[in-house]
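Here you get one chain, nothing else, as structure tokens; it is the form predicted on its own.
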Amino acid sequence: MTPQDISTLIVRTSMKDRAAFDLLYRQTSAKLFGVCLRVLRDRGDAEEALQEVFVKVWTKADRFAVSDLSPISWLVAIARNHAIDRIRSRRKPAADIGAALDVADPGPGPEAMVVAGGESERIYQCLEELEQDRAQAVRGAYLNGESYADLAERHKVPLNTMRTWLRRSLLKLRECLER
């Protein structure tokens, strides 16, 4: 069937000619079904969409403008747009922004931040009471994430000595913080 024949069928369909609409369906439904199936990726859904597409063609055929353009392109555009609309209608609506007000912030609140700030100041004061090399080892291990072996090598002491320094330094820090 030529594009001119399809254009004629669409024009006759706009005048509610059922025979023309039947022939238009038989001539174009396979192609339009393929478009719906490609977009929707579900045979049953594509079949339903195809029926709805032809209902649209029946009701909107009077909007078709005969031109040099291919009439099948007009039909394909209707089918494609309808299939996309079906996908969009299945999506969950976006959550109401007001629901976000009920979500708790897992971070500390302003009061906890002030308390933590005071605690960190106390920790740094207690670190000052330690011997300088012990304080550097504690900072390296617990604030910078350095390994015991790296600290032992840097301070030129055996690994077990470094472990002892750190353990005893933590005990001294705890004593200082409990005062």
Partner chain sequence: MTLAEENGPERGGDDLLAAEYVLGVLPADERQIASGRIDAETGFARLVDSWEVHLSPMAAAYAEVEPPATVKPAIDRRLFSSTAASTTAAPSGSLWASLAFWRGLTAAALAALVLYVAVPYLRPPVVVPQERLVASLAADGSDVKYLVVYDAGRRDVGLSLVSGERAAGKDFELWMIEGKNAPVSMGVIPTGQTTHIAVTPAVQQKLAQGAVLAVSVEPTGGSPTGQPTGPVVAAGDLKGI
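Numbering follows the first chain given and starts at 1. What we label the rigid core is the largest C-alpha set whose atoms superpose within 1.5 Å from one form to the other. All values reported here derive from a predicted model rather than from experimental measurement.
One more form of this protein should be noted, the form predicted together with the partner chain, which is absent from this view; the next part is about it.
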Exercise. Check each of 42, 129, 153, 48 and return the one that places a heavy atom within 4.5 angstroms of the partner chain in the model of the complex.
Key: 48
Quiz item: So in the model of the complex, does residue 125 come within 4.5 Å of the partner chain, heavy atom to heavy atom?
Solution: no
Quiz item: Taking the shortest heavy atom distance, is residue 157 within 4.5 Å of the partner chain in the model of the complex?
Solution: no
Quiz item: Does residue 133 reach the partner chain in the model of the complex if we count a contact as any heavy atom within 4.5 Å?
Solution: no
Exercise. Could you confirm whether residue 1 comes within 4.5 Å of the partner chain in the model of the complex, counting heavy atoms only?
Key: no
Quiz item: After a core superposition, would you say residue 14 shifts its C-alpha by at least 2 Å between the shown form and the other one?
Solution: no
Practice problem: Taking the rigid core as the superposition reference, indicate whether the CA of residue 166 shifts 2 angstroms or more between the shown form and the other one. | Solution: yes
Exercise. Over in the other structure, so in the model of the complex, do residue 68 and residue 64 pull closer or drift farther apart at the C-alpha level? The difference is 3 angstroms or more.
Key: closer
Quiz prompt | Distance direction in the model of the complex for the C-alpha atoms of residue 63 and residue 66, relative to the displayed form (3 angstroms or more) | solution = closer
